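Coming up is one lone chain in structure tokens, specifically the form predicted alone.
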């Protein structure tokens, strides 16, 4: 069963369109990145999925039920960008409280905190936690009840690089167990490597919904070849390949996807003049900018 389905969803505020005819779905195990500039409609979409606001037209199915219904609430976890907890409670007490609210034994709090890397700080007051640690408490709370769908809004905000890697490894494990993930983030380098599909909103319109490979093909942006020349040969390599020299040994070439193999054959034909070559496809940042500009009013 598809975990989340949006069909022709439209939402307006005071006559202004926040979302316009948006449709996509998320299957079990999918990790989907939701991208867009501030005001693109990401927060509105998440609020609609959570049942916090009503839609104007279209349909949303959350785990086969209506947004905000009992079935949806029990199977959906939400982690906002800025989490807030009682500073006088320990991490153990706070997660224990949430467990009791969900009808589960508070004794499971320690295991949840250990899962997000807070086992050693479980008995410290949350008021002494850093922002990154509070974000981990939020993630522990989101994991209560083994949710089928996770809605995550800038979930790595405040986390250091090691913690971010651990966070995405945790998401990988949840997805492997069948959970679906909808993740909003401005950290494009992170989501480029750790999500299966990318949805891009621009001014309330969905302008892209595909894998990174699919988006690269649709965008048809140039590929860069970084050619490392042998010592003293960079000028000759640049001349023969009609490229541009960028330092003592590096030569850069631009080519379209369909020309990539032909250009690589040219590079290989220089034989002993070449030390190495690297293919650099368009980044997610390049692709995001391409689709966002194309949809700008």
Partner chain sequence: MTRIAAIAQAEFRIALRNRWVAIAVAMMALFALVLSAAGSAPTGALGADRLSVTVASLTSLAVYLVPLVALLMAFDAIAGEVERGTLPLMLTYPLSRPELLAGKALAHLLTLALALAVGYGIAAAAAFYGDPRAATGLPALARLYWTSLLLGGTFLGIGYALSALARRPGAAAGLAIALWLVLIVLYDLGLLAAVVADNGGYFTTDIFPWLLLANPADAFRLYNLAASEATAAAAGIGGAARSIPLWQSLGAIALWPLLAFALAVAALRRLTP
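Positions refer to the first chain, counted from 1. For clarity, every value in this text was computed on a predicted model and none was experimentally measured.
Although it is not shown, the form predicted together with the partner chain is what the next lines describe.
None of 146, 86, 165, 217 but one reaches within 4.5 angstroms of the partner chain in the predicted complex through a heavy atom, and that residue is 86. This chain is drawn without the partner chain; in the predicted complex, the residue among 117, 80, 222, 158 with a heavy atom within 4.5 Å of it is 80. Proximity to the partner chain in the predicted complex, taken as heavy atoms within 4.5 Å, picks out 45-53 from the listed stretches 45-53, 225-233, 30-38, 260-268.
Annotated contacts: 90, 102 and 141 all touch the partner chain in the predicted complex [non-hydrogen atom within 4.5 angstroms].
At least one heavy atom of residue 97 is located within 4.5 Å of the partner chain in the predicted complex.
Contact annotation: residue 186 falls outside 4.5 Å of the partner chain in the predicted complex, judged by heavy atom distances. Although the partner is absent here, residue 197 sits far enough away that none of its heavy atoms falls within 4.5 Å of the partner chain in the predicted complex. When contacts are judged by a 4.5 Å heavy atom cut-off, residue 125 counts as touching the partner chain in the predicted complex.
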